[in-house]
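A single chain, nothing else alongside it, follows as structure tokens in the form predicted alone.
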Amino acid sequence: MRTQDVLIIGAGAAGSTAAFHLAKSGHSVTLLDKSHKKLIKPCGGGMSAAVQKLFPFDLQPIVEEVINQVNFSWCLEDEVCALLPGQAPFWIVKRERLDEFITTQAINQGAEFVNAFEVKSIKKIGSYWQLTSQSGEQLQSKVVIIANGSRSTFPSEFNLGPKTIHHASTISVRLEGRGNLQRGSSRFEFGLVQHGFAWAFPLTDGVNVGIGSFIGKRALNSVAVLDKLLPSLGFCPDEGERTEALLRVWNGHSKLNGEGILAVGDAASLCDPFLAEGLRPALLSGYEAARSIDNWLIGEARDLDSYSIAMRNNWGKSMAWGRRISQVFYRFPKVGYQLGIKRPTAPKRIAQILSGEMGYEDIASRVIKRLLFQGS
């Protein structure tokens, strides 16, 4: 049986990023995807332009829209407009185009891509990992990257990520046409969604609408929300292709690697627990995973612990504060809107967080104190 340096389960944003950097470093890499079809992937598609620094190639060809204005509302009223200063702090992409684009870059660097390979089991046999597909096909490698999303059972099987998984309940709607959403602007609606918010991000020829609830396990009352939200965006209440999903969000500092195995992206529960940003941590984790694996394979590191350390320092510390803000904000959402969104300094802070220039730890202590004081 042929032995690869790295097998990657999942050709999404995180997995394809890891594949690109590992292949570029000269390692033999196989990227596995369970689907043989191009599917619409439910994702808002918003990401910080700061992710460009993770790649030596230009991401602009797949950017659908550059956002320079964010509009907020409370129950479709009490609007606040935040202008995003700087050069392209926030991009909108179609998730399926992003994944395909980075996968193509990885293939161009020498990575092998195998679709219609759904992994049934992962076993350690001696010094190597053996992956078996649902059809019985087997592959072998020195390292395995788990990158198959929020529904993956493999992280818990190998004690990767948080022991208690916290989910956000989400529904995504892909709409044709722009409605009344202005070019270069996005929308965040608070008040209609219990313990969460709704968003609308523009595409070249459409709009991505999403709803997310971050506290508790109640089912989303998506029909009632969309009946009000979609007309406010210039669409009929029943328009769009809809997908419901549970999204793993960050839930405490956790080790993300074992001996020759690690988890990235949504499989590692890295999604922002306050604003549901998932693309930036997915791309960042793929990049950091590749760095750690490269050092290990060439003998410059004894283990893959540097990956977990890097993600804790570069993402987890901010998310710890983001989680605290989320728990308070969504329990007192109206107070949160008044004190967190409508404050005079809010537009600048929002721009800095969306662009990656600032983390939640930079604002958390003041925000939480204001919310607790006013909400009690």
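Quick note: we count residues from 1 along the sequence shown, nothing fancier. Everything quoted here is computed from the prediction, not taken from an experiment.
The same protein has a further form, the form predicted in complex with a small molecule, not shown here; the description that follows concerns it.
**Student:** Give a yes or no on whether every one of K94, E176 and V207 sits within 4.5 angstroms of the small molecule in the predicted bound form by heavy atom.
**Tutor:** Answer is no for this spot.
**Student:** So, in the predicted bound form, is E65 in contact with the small molecule at a 4.5 angstroms heavy atom limit?
**Tutor:** Flag for E65 set to no.
**Student:** Might G322 be said to contact the small molecule in the predicted bound form, defining contact as any heavy atom within 4.5 Å?
**Tutor:** Outside the cut-off, so no.
**Student:** Since only the chain is shown here, I'm wondering whether L32 would be in contact with the small molecule in the predicted bound form (any heavy atom pair within 4.5 Å).
**Tutor:** Yes - in the predicted bound form, heavy atoms of L32 and the small molecule come within 4.5 Å of each other.
**Student:** Should V119 be counted as a contact of the small molecule in the predicted bound form, where contact means heavy atoms within 4.5 Å?
**Tutor:** Output for V119 is yes: heavy atoms within 4.5 Å of the small molecule.
**Student:** Taking 4.5 Å between heavy atoms as the contact cutoff, choose which of W74, W199, W129, Y287 touches the small molecule in the predicted bound form.
**Tutor:** Spelling it out, the residue with a heavy atom inside the cut-off is W199.
**Student:** Which residue, G260, G240, G149, P162, is the contact with the small molecule in the predicted bound form, using a 4.5 Å heavy atom cutoff?
**Tutor:** In short, G149.
**Student:** Go through 141-149, 75-83, 232-240, 297-305 and give me the stretch that gets within 4.5 Å of the small molecule in the predicted bound form, heavy atoms only.
**Tutor:** Only one stretch qualifies here: 141-149.
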